[in-house]
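The form predicted alone is given below as one chain in C-alpha cells.
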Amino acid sequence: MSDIAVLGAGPAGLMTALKAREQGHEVTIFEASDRVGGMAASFEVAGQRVDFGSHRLHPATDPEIMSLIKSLLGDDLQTRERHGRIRLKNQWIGFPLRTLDMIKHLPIRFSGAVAFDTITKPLRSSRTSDFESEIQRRLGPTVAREFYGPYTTKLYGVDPSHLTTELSNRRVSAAGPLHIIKNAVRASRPEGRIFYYPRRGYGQIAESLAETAIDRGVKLELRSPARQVTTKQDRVEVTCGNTSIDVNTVFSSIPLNALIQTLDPPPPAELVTAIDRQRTRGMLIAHLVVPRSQYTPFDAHYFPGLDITTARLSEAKNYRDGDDPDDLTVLCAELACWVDDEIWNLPSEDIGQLVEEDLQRAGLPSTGHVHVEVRRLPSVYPVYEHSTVDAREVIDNWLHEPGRVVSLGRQGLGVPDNLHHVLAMGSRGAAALDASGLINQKAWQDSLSEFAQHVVQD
C-alpha cells in the first residue's frame, strides 16, 4: 500500500513527493497531463524550448532548496543578469530599475511628481482599505496612477480600488519610494540583478525533480486526472485515471475547485459556494516564431499601460545560453483575460496579430512572425476582491483543518507565489508528516501562517 498520494506534478507536488520519499514513505504522484511542471513546465515550439511566460529562479530561494536544485542541474543552472525594461510614459526604463537609467529616461515631470510624493509621504493617511489606497500610501499617487493602477487593472481585470490590501501585501515588496531607490542602487551593480535559469528552459527544474524522485522510488502516473478521493476512518481511497490506491494522506496541488469535485464525503456546501465565488484570472500565452536569430537583446518587456493588451513579452533565448536554433527566435506574449471573454476564444493567428499590433504601438519593430502557438491557462491570478473576503475566510478555515487531505501550492492555496515559495510549501508539507504518514495538524497550520507572509519577487 502506498502511504502518500500526491495530486499534481507541478513544483509543489514534486517537491512534496521527493521529500516524503526521503523520509521513507511510499509515494505515488498523479498528474492529469502528459508532462510534469504545471505552469512551470517547458515545451518545444519550432524546435526551441519555451516556457509558460517569463520565469526566473530568484536568489531569495531558501538556501537548502537552492542547494538541491544546483546539485540536480549542475552546470545547466546558469547564473544570469536581468536585462528587461518597462514602457512607462512612452519611455523605456530598464528593469530592474537602476538609478542612472531612471535619471536619464524618466520624464522630468514624472520624476518631480515622485519626488514630491516622497517628501509628502508622512502627510498621507496610514489608514488604507484597498490595493489602490495602500499603494498611494506607500509609493505615492504618481506611481500608483502611472504604473501599479493600470498594470493591476490589466492583470486582475478589476479596478484596483476593488482589491484588498492582502493583494498589495503579497504582490508589492516596496514599502516606499526610498525602498525603490535602495533597490535601484543595488540593481545598478551587476550582482544586484542576477537570477538563475536552466539551460533547457524553466521546466528543467521540475523535470529534474521528477527524475530524482523516480530514481528514489516515487511512482509517477501521467495522464491520470483525479476522479475520486474517498476519506474513510483509517485511510483515503484515491482514484486517478484507471488507478485506485489506499493511502494514509493525500497532498493536492491541483486547483481547489477541481479537488472539491473529487471529495467523498462531499465538502460543506458553504465551502463549495465560497470556492465558486473566488474568481481567478486566466491568461493566454502566445508564442510567435520569428525568422531571425534575435528580436531584441532584452529578456522581457513590461507593458503596464491599458493602451496595450499584452502585459509582458519575453524572449526565451535571452534567458540562457542554450542549444537554440540560430535562424529563429520565439517570443512569448502574456495576455491576461477572463476565461471565455472576447480574446480567450480568438484563433491563434488573430491573437498573434493582436500582439503584433501591440508591439508596433509600443514602438517595437515588426516581428514578421511565421507561426503562432497559443496555450490557454484558465487559473493564473487569484483576484482578492472586497466582495469575496468572506469567501476567502471560509476557504482559509477549511485549509487550516486538512485532516487526511492537504492542499498546497499556488493552485491549491489560491496564491500568486513564486516558484521558490511553492517549492518551500512542498518541503514543509512533507516535513509535517509523522512516521505513520499522517499530517501533524499543528505543524501544518504554522506553515500556512508562514506562507501567508510570502511576497512575490518581480
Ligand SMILES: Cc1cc2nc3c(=O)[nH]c(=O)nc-3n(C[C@H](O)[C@H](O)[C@H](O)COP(=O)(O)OP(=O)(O)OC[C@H]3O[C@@H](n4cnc5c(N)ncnc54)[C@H](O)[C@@H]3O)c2cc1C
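Keep in mind that this is a model prediction, so the values were computed, not measured. Each residue number is its position in the shown sequence, starting from 1.
The form predicted in complex with this ligand exists for this protein as well; it is not shown, and the discussion that follows is about that form.
- With respect to this ligand in the model of the complex, the three residues Pro198, Val330 and Glu373 uniformly fall beyond 4.5 angstroms at the level of their nearest heavy atom.
- This chain is displayed without this ligand, yet in the model of the complex the stretch 250 to 258 from 320 to 328, 105 to 113, 250 to 258, 346 to 354 comes within 4.5 Å of it by heavy atoms.
- The partner is absent here; in the model of the complex, the one residue of Val50, Leu419, Val27, Ala430 having a heavy atom within 4.5 Å of this ligand is Leu419.
- The partner is absent here; in the model of the complex, the one residue of Leu377, Val158, Ile275, Leu88 having a heavy atom within 4.5 Å of this ligand is Leu377.
- In the model of the complex, at least one heavy atom of Arg312 sits within 4.5 Å of this ligand.
- Mapping the unseen interface onto this chain, Ser407 falls outside it, with no heavy atom inside 4.5 Å of this ligand in the model of the complex.
- With a 4.5 Å cutoff on heavy atoms, Ala32 counts as touching this ligand in the model of the complex.
- Met283 belongs to the set of residues with a heavy atom inside 4.5 Å of this ligand in the model of the complex.
- Of all the residues from 47 to 66, those having a non-hydrogen atom no more than 4.5 Å from this ligand in the model of the complex are Phe52, Gly53, Ser54, His55, Arg56, His58.
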